[in-house]
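Next up: just one chain, as structure tokens, the form predicted alone.
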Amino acid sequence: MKNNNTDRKARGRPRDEAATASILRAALELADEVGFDALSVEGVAARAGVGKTTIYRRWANVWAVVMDAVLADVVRAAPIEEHATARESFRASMRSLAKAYRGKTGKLLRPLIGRAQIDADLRQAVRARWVEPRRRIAREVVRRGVERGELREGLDADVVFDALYGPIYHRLLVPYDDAPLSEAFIDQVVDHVFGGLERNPGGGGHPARR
């Protein structure tokens, strides 16, 4: 005999996932079109074709909706990749992130980071959903690099991550015309930082550029 509750839950999941996808897509579209000052839960709900109560069941405010939308977009477009070496893993991952930040994602992320400075809940959400998951992966990349003998022992993986990614966020948040988030810039950052991380810097030459 079928369990009606189980059947309802099974039928509900796709609808919930579809509604979530529509809400996140609507939030990104509207934030890009009208900016944050004119953005509202009501507007996102109307664009997504859902009731505003559907949004409030999951998010406290429209900033939280946009944050989830932006972070989901970045995770999809710029995951931390794994390659044969730590150097090339970070190079590829940072190139993807810089590419995302050169476009609409970077435009939306700037005000979100600013808002997080005065919104403790938003700041905690960014830390829990974005910063820590990526740092966990990065720590493993560094650990394996040390185990392979590629990187010197005793490295603080979090400091390595800050040294590599800090310049990206500096240029994102303090932009100036002659300092783009280009692939050439990413390559320079990686090569400068890894010059101080590798067990034998320059000993075997840099891996070929992709």
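Rigid core here is just the name for the largest C-alpha set that superposes within 1.5 Å across the two forms. These figures come from a predicted structure and were not determined experimentally. All residue numbers are counted from 1 along the displayed sequence.
What comes next is about the form predicted in complex with a further copy of the same chain, which is not displayed.
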item: V126 within 4.5 Å of a further copy of the same chain in the predicted complex, heavy atoms; value: yes
item: Non-hydrogen atom contact R139 with a further copy of the same chain in the predicted complex at 4.5 angstroms; value: yes
item: 4.5 Å heavy atom contact, R57 and a further copy of the same chain in the predicted complex; value: no
item: Non-hydrogen atom contact P167 with a further copy of the same chain in the predicted complex at 4.5 angstroms; value: yes
item: Candidate stretches 64-72, 177-185, 143-151, 40-48 - the one whose heavy atoms come within 4.5 Å of a further copy of the same chain in the predicted complex; value: 177-185
item: Contacts with a further copy of the same chain in the predicted complex, stretch 105-141 (heavy atom within 4.5 Å); value: R110, P111, I113, G114, R115, A116, Q117, I118, R123, V126, R127, V131, E132, R135, R139
item: Rigid core superposed: N61 CA moves 2 Å or more between the shown form and the other one; value: yes
item: After fitting the core, L71 CA displacement of 2 Å or more between the shown form and the other one; value: yes
item: Core superposition between the shown form and the other one, C-alpha change of R152 at least 2 Å; value: no
item: Shift in CA distance, P175 and R95, in the predicted complex relative to the form shown here, given it is 3 Å or more; value: farther
item: Relative Cα spacing, R57 and R134, in the predicted complex - shift of 3 Å or more; value: farther
